[in-house]
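First, one chain by itself in structure tokens, the form predicted alone.
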Amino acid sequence: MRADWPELSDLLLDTDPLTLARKPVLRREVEATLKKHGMRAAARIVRGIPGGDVLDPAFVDGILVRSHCELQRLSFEFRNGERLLQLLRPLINVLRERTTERPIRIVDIGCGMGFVLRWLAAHARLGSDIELLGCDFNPTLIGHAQSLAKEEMLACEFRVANAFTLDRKVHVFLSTGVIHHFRGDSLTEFFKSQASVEPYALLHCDIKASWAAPIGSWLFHQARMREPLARHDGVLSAVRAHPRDVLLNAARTGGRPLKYAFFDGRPSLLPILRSLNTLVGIREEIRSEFVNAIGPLAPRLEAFE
């Protein structure tokens, strides 16, 4: 696997970013892309998808739902909700002091089936002045997120929407396992789109690029995953993880005037012990207050630039 290989899940779903209408996915185009990169395992998965010239969207949704169910287990075992809460709770405390705007709105970009927001709604007790909103382009995944939130009686909302064009004020953007999907100019544009909305902060948690990440990911996915697409894309995600300098350069180029730093981003001799890191973007006017608010966690946060 190579970092320039596209993830199969990105090829199986095509959505108009303006209308959010789902576009038909042509088999020959997907197969041509896979052939170009020599992705034989992914090609075998695609050959198993029914349909003629157009891949069966219902079958594709079934694959994506099963894969995201397995990703939920991964998020639970890696404690992704708790990981974000370490930074989110002190950030919320700062915002409560800094702004009278209510509710304080936290938007999860590419939320999928909404595990992180549902975990926060169930366990974090953030308060009635906090609004949790998850956005994704896939209506099937959002439908499952909505059903689960309703069944669990959780105070969070999920919408098929572009997170950057909402008709509501966004105070904090966050994501988990999303930023490695963006490459090159689209990565810079990702940060530019967020900065244009003028949030107070960004929290983007993803795989930490290291020599150990692909090995650890392969072992984990072989042991814990059963869906072929989840196994394939899970390992490829670790291969595609952005080096810290690439992420910081894209954020600082496109995401001004926010300042950026990594939490748990420093290299380690045993990177498998901290396999994820979080890119933090913050407004200058609340930077020092935020650093003070995280208290004993401050040594794990690099200096903002």
Ligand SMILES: C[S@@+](CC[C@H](N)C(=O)[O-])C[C@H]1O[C@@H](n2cnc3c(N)ncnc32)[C@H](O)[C@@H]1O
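Note that this is a predicted model, so its numbers are computed, not measured. Residues carry their position along the shown sequence, with the first being 1.
Here the subject shifts to the form predicted in complex with the ligand, a form of this protein not shown in this document.
K.L.:
Any chance 109, 162 and 177 all have a heavy atom within 4.5 Å of the ligand in the predicted complex?
P.N.:
The answer is yes: all three residues contact the partner (heavy atom, 4.5 Å cut-off).
K.L.:
Closest heavy atom of residue 138 to the ligand in the predicted complex, within 4.5 Å or not?
P.N.:
Because a heavy atom of residue 138 falls inside 4.5 Å of the ligand in the predicted complex, the answer is yes.
K.L.:
Taking the ligand as it sits in the predicted complex, is residue 221 in contact with it (heavy atom to heavy atom, 4.5 Å or less)?
P.N.:
No.
K.L.:
Heavy atoms within 4.5 Å of the ligand in the predicted complex: does residue 78 have any?
P.N.:
Close contact is absent here: in the predicted complex, residue 78 is far from the ligand, nothing within 4.5 Å, heavy atoms only.
K.L.:
With the partner left out here, check for me: in the predicted complex, does some heavy atom of residue 240 sit within 4.5 Å of the ligand?
P.N.:
No, residue 240 sits far enough from the ligand in the predicted complex that none of its heavy atoms falls within 4.5 Å.
K.L.:
Partner absent here, but in the predicted complex, which of 110-118, 210-218, 144-152, 95-103 has residues with a heavy atom within 4.5 Å of the ligand?
P.N.:
Stretch with heavy atoms near the partner: 110-118.
K.L.:
Identify, from the list 202, 130, 71, 87, the residue with a heavy atom within 4.5 Å of the ligand in the predicted complex.
P.N.:
If I apply the 4.5 Å criterion carefully, the residue I get is 71.
K.L.:
Considering the ligand in the predicted complex, which of 171, 83, 232, 181 comes within 4.5 Å of it through any heavy atom?
P.N.:
Checked against the cut-off, the match is 181.
K.L.:
Which residues, if any, of 84-100 lie within 4.5 Å of the ligand in the predicted complex when only heavy atoms count?
P.N.:
None of them.
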